[in-house]
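Coming up is one lone chain in structure tokens, specifically the form predicted on its own.
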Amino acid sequence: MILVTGATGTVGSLVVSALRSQGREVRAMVRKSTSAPASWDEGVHPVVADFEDAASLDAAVAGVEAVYLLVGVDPRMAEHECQVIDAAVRSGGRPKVVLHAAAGVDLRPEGVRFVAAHVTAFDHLQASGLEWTVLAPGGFFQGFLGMAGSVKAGSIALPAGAAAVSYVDAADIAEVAAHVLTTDGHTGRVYTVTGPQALTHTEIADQLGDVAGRAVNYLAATADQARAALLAAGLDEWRVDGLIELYGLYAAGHASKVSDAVPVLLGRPARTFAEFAAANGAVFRSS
């Protein structure tokens, strides 16, 4: 049995599917019993648990052979990751823990709160005595689905400067996760998971325009412009400031590295952004 936390999110739900495609039994952690998707079959066993409830985490971890540790972006995300690691230690079963972190976690960049939270959990995991692996993916292609309205209007605005970014398909992350969870030889490894190329946001806008059937321009927003837009969209200040920090990392060119994790681990090329855009063309085209 493999426990997947964050099992209903963008990546977590795909990890569940990837494990089931291998015939693996999955214990899927959810916050409420009503959160379980109707698409889950009898091989997926929902368990209701809360990152801040140690007893519920103990029940979730009990008897599993491995844990895919994925938490949502939250001011307490480091604490949440550490709580699951502690539950795994308390279980006595010594499950393998695969921590879903972020690209750059091994480089410990300063001033990026999302990455800093993963660094704290990474240190805690290393000190736990458990068998561990870290997956450190770049930004997801799927983040651009939320910009479909802007694409249809002919532009995307981000505070990412002119630097290239090695975004990755969430489905590739999930397949790598399933592979690492179910095979040997990954202990003590940090796998940076990226797409096959680094693209500037101008190049991304051009590829979105190809599937949208219209010109799409990239507007390099300032940090202040982006902050105002995100706050106006209803995001809380902590998350907004974290996103500005992350895009600052991108703008400085620190997210352009392309890794070979997908082809080496899965034996096939990583999906390209053009493939992602084409597969989701209906989302980006005006009706």
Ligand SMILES: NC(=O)c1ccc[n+]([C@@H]2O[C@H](COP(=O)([O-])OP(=O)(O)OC[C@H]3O[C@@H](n4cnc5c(N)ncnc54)[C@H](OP(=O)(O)O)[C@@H]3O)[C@@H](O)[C@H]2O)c1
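These numbers come from a predicted model, not from an experiment. Counting begins at 1, following the sequence as shown.
Although it is not shown, the form predicted in complex with this ligand is what the next lines describe.
Chemist: Among 174-182, 209-217, 126-134, 72-80, which stretch sits within 4.5 Å of this ligand in the predicted bound form, heavy atoms only?
Modeler: Among the candidates, contact is made by 72-80.
Chemist: Considering only heavy atoms, tell me if I2 and this ligand come within 4.5 Å of each other in the predicted bound form.
Modeler: Judged by the heavy-atom cut-off of 4.5 Å, I2 is well away from this ligand in the predicted bound form.
Chemist: Although the partner isn't part of this model, could you tell me whether G139 comes within 4.5 Å of this ligand in the predicted bound form, counting any heavy atom of the residue?
Modeler: Flag for G139 set to yes.
Chemist: Does this ligand get within 4.5 angstroms of any non-hydrogen atom of D50 in the predicted bound form?
Modeler: Contact with this ligand, yes.
Chemist: In the predicted bound form, is there a heavy atom of this ligand that lies within 4.5 Å of any heavy atom of A160, even though the partner is absent here?
Modeler: Heavy-atom contact with this ligand at 4.5 Å: absent for A160.
Chemist: Looking at I204, V112, I85, A101, which is the one with a non-hydrogen atom within 4.5 Å of this ligand in the predicted bound form?
Modeler: For this set of options, the contacting one is A101.
Chemist: Taking 4.5 Å between heavy atoms as the contact cutoff, choose which of A277, A270, V11, A18 touches this ligand in the predicted bound form.
Modeler: Exactly one residue meets the criterion: V11.
Chemist: On the criterion of a non-hydrogen atom at 4.5 angstroms or closer, are A7, M29 and H118 all touching this ligand in the predicted bound form?
Modeler: Each of the three qualifies.
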